[in-house]
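The data below hold one chain only, encoded as C-alpha cells and taken in the form predicted on its own.
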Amino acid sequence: MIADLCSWPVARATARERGLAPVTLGIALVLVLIGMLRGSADTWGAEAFSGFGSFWFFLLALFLGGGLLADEVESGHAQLVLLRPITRAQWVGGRLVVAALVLCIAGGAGWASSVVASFMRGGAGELAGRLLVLPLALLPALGWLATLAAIGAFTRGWTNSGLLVAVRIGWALAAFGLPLAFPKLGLQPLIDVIGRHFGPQDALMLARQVQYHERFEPSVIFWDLAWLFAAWVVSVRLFNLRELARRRA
C-alpha cells in the first residue's frame, strides 16, 4: 500500500536534497535553541511552534515545500525519473513524504529540547499533555506543506511559497481591516466562519484545553486531516494534468 503512494528512490534523493540542506539544518538548530532557552514549566514544550518559534517553523515549511515539485519538473529531472517503472503519484508521494518527515524531525527536535528544558526548570508533571503537543503542532504544518505541493504542481519555481505567503498576509489584513472599515455591515461573524476553514487550523489549542481541563473539541483535528489528505490528492491530480499537457504540447 505504501509502495503504491511513495517511491523510495525518489524519497532518498529528496532526503539528501532537502533534509541535508544548510537552511534546513540551520532552522532546525534555531528551533532546538528556542526550545532550550525558552522552555518553561507551564508551556508543555510548545515553544518551537508558538510565538517566535512559530515564525521559524513556518519558514522551514516554506523552504521544504518551495519548488518541491516544480524544481524537478523545470530541470527535466522529473521526466527522466518518470521513465522508470514508477507512477506520477509515487513520484509526488516520494517528494512530499520526505519533506514531511524532515519537517517532523526538526519540529520534534525543537519540542524535545523544550520539554527537557521545562523538566530542568521543575515542570515534570502533565506528561500526557506534553506528548500531545507534538502531533497537534505538526498536523497543521503538514497541511500547509501539502498545500505548497498542490500549488507547486501548476506553478513555476518557488512561486508556490510566495503565493501562500501573499494569501495568508492578505487574509490577515482583510480579517482585521474589513470589520473596522465597514462596521455597519456586521462582517465579523462571517469572517470568523471563514477563518475557521481558511487552511489548516491551529490544533495546539486542544493541548491548552487539556491543560486547563476545558471541553475538548476534536473537530480541528478532523479538519486538518481532511485538508492534508485533500491537498495530497490535489497535488497528484494537478501534476498528472501538467504532465499530460506537456506531452501533448
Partner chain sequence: MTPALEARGLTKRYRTPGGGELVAVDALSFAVQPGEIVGVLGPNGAGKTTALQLCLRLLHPDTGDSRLFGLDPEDLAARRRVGYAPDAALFPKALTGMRVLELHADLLGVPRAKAASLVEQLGFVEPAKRQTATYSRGQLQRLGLAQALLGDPDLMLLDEPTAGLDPAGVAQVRELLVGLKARGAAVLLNSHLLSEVERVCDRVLFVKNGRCLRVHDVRAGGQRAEVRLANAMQMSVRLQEKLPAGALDGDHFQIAVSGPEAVPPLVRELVDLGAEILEVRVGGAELEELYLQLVEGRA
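Residue numbers count along the first chain shown, from 1. What you see is a predicted model; the values in this text were computed from it and never measured.
One more form of this protein should be noted, the form predicted together with its partner chain, which is absent from this view; the next part is about it.
Colleague: Can you work out which of 100, 86, 134, 164 has a heavy atom no more than 4.5 Å from its partner chain in the model of the complex?
Modeller: If I apply the 4.5 Å criterion carefully, the residue I get is 86.
Colleague: Name the stretch: of 136-144, 109-117, 74-82, 171-179, exactly one has residues whose heavy atoms fall within 4.5 Å of its partner chain in the model of the complex.
Modeller: Heavy-atom contact with the partner occurs in 74-82.
Colleague: Wondering, does residue 230 line up within 4.5 Å of its partner chain in the model of the complex on heavy atoms?
Modeller: So residue 230 does not count as contacting its partner chain.
Colleague: Is residue 25 a contact residue for its partner chain in the model of the complex, using a 4.5 Å heavy atom cut-off?
Modeller: Because no heavy atom of residue 25 falls inside 4.5 Å of its partner chain in the model of the complex, the answer is no.
Colleague: Although its partner chain is absent from this view, report whether residue 12 comes within 4.5 Å of it in the model of the complex, heavy atoms only.
Modeller: Looking in the model of the complex, residue contacts with its partner chain include residue 12, since a heavy atom lies within 4.5 Å.
Colleague: Please run the contact check for residue 21 against its partner chain in the model of the complex: heavy atoms, 4.5 angstroms, yes or no?
Modeller: Residue 21: no contact with its partner chain in the model of the complex.
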